[in-house]
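As structure tokens, one chain now follows by itself in the form predicted on its own.
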Amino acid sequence: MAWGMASEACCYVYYPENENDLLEIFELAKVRGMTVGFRGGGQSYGDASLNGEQILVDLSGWNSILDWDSKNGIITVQSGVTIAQLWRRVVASGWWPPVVPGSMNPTVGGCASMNIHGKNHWQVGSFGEHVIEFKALLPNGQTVCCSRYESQDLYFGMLGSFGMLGCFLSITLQLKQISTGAVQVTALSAANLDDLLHIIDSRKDEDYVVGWVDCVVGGSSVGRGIVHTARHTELSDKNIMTDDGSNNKHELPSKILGILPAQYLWFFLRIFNHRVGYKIVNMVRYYSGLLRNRHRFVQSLAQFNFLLDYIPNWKQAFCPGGLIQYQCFIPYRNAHTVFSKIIHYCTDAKLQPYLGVVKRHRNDDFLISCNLDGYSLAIDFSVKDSNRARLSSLLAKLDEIVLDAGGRFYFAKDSTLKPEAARLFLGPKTLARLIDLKILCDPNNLLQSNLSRRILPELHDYQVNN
């Protein structure tokens, strides 16, 4: 099942213990005329880690930390190591992963495959920019070591290629040195979308910036929200953390407001899974944030970054239909107009998102990239049998708006993108280069997924011509 629970597939799941096992799986797929997909933490919202009626390789067992240089902050891990394992291993030594997603449950291999971004993208770039090197097994049987200086085409091609070129065996990362493992957070209220984008752009000297958007309210308050900025707290060198193995002060709280057990709160959230409920939740969130405007407080890095993990199993509140996220990346000059249109279209369709998040971004050099000099808007929708068709129609319209503005899409979050939109987003040169690398690395066209077949069927057409 996809993480968002809105799509699922029956797969033949294999759990390789080593590289030789994976080679045998590739050979088995060739003999039986099947395809192979990869799954790490299974945290993609959509169908990226599904391979219906075909082979699915679960790499979550490849979770060993192979080497850790605590002096220089360089760590080598297997692809199945999660972000949670990673930060818990290094934080007490005074280091932190430079780029993390909104949850600590994705694997390092998954983060590399999708080249994820964090709340500091405009500052430090995407996950791949901090990969010193990686070792990968290609479906052609070749094991490669890639870096910015060795096998550059594969380095910039595999990072972000959503698992279509090979399997990451190990990944070496350069971590960020920290003094305290805490950040000073400031909450800033924004009266509307223009105000929100202005605040985000004016705070680019902060280490992290993220904006929550009320996508339900209308009128002159469209796009109102709360911006949270965070800056690493600094101590003198004599107070830098030592490797004492204690992570308790960094962990997420088990109780909300010190009273309510977090593990049961998804039951409460379920009560608000409807249009009126979204209005109530967004209103409460906005006005509570308004009361804390410019208020400063201290959180651990984990508490600030992993908001999706505060309430365990929160997605269960959206059963039985699940949820999907729509995330678009828009150039700086067009962001306000496009985001306003998106919110209005959702309102007119009576399909308001229950959550909206805005972040600032920058360009990068990876072959498959959603990143640009601008902003992203991520909006979450509850899926029900009664709204599936309308939701699909709405998102297709939003795709047109995004593409007309020169926007891009993020495959880790996607659930609905059509081939026509994917082709326009990538462009013919990028698509041709991806196919060339695919033929080189995967001549038998073994690596596929529900995502790849949905968005880029031509990526798999070459097998017919061989």
Partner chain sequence: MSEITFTRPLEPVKRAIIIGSSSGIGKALALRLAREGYVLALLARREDKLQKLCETINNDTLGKATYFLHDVKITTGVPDLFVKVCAELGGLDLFIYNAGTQFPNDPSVYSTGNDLDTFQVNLLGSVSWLNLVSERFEKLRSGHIVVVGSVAGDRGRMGMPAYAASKSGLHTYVEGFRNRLSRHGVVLTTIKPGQVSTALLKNADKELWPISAELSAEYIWRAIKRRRMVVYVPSRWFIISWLIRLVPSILFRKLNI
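Residue numbers count along the first chain shown, from 1. Keep in mind that this is a model prediction, so the values were computed, not measured.
Absent from the display: the form predicted together with the partner chain. The rest refers to it.
Heavy atoms within 4.5 Å of the partner chain in the predicted complex belong, among the stretches 55-63, 418-426, 437-445, 35-43, to residues of 418-426.
Contact with the partner chain in the predicted complex, judged by any heavy atom within 4.5 Å, is made by just one of Ser386, Asn313, Asn363, Ser392: Ser392.
Proximity to the partner chain in the predicted complex, taken as a non-hydrogen atom within 4.5 angstroms, holds for one residue of Ile324, Val100, Cys146, Leu175, which is Ile324.
Among heavy atoms of Tyr14, none comes within 4.5 Å of the partner chain in the predicted complex.
Interface residues of 175-209, taken as those with a heavy atom within 4.5 Å of the partner chain in the predicted complex (partner not displayed), are absent.
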